[in-house]
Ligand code: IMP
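Okay, so here's just one chain, in structure tokens, the form predicted on its own.
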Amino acid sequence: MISLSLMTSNPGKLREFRHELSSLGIEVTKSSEDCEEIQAETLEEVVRYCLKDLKRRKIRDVMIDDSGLFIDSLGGFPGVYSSYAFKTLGCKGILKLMDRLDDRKAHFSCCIGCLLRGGKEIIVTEGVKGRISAEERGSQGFGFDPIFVPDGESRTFAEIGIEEKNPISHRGRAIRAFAITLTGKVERTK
């Protein structure tokens, strides 16, 4: 069994990683490590900075996830600032910013980085397109899930249980891409 720790303070993220990776024989624990989250233009820049810091500190078998909601009519906001925007504005604040906007297109992106023993790195990014709903709906999920409706759905992520959400979500897609890459990396390092 492969064991990796995830750097997060978000229990929802930890739950999604465990749900998706446990069936592949990958145990996910919560990391006690932390990394400074820099101001950057892309999710990948944030992840790469953190991996560099972890490498410098000789911390291995650890994953990080940086995700963001990018709203077209708001110029990509909140994007890399999604966590801060959620803490300060929340779903209600985003809906207020979009109150009179017709263009509700948005996408979620997730960048996962991992530093393995031997210093090997994995970085994957995946996303899902959708739109911002007119109101908050649902009680499942976390963050901006109550206002994001993925393409092909009428329900928000918060109205979709984890069993249905993970196969179509940005994080679920990124975790699966990560697992495929990880399996290849692990086999090559044996």
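Everything quoted here is computed from the prediction, not taken from an experiment. Start at 1 with the first residue shown and count on from there.
The discussion below concerns the form predicted in complex with the named molecule, not included here.
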- According to a 4.5 angstroms non-hydrogen atom cut-off, is R173 in contact with the named molecule in the predicted bound form? no
- Are any of the heavy atoms in G68 no more than 4.5 Å from a heavy atom of the named molecule in the predicted bound form? yes
- Message: Residue-level contact is defined here as any heavy atom of the residue lying within 4.5 Å of the named molecule in the predicted bound form; does D145 satisfy this criterion?
- Response: yes
- Task: Report yes if any heavy atom of S73 sits within 4.5 Å of a heavy atom of the named molecule in the predicted bound form; otherwise report no.
- Result: no
- Note on the structure: Of 117 to 125, 59 to 67, 131 to 139, 26 to 34, the segment with heavy atoms within 4.5 Å of the named molecule in the predicted bound form is residues 59 to 67
- Message: At 4.5 Å, heavy atom to heavy atom, what parts of 68 to 101 sit next to the named molecule in the predicted bound form? List them in sequence order, or say none.
- Response: G68, S82, S83, F86
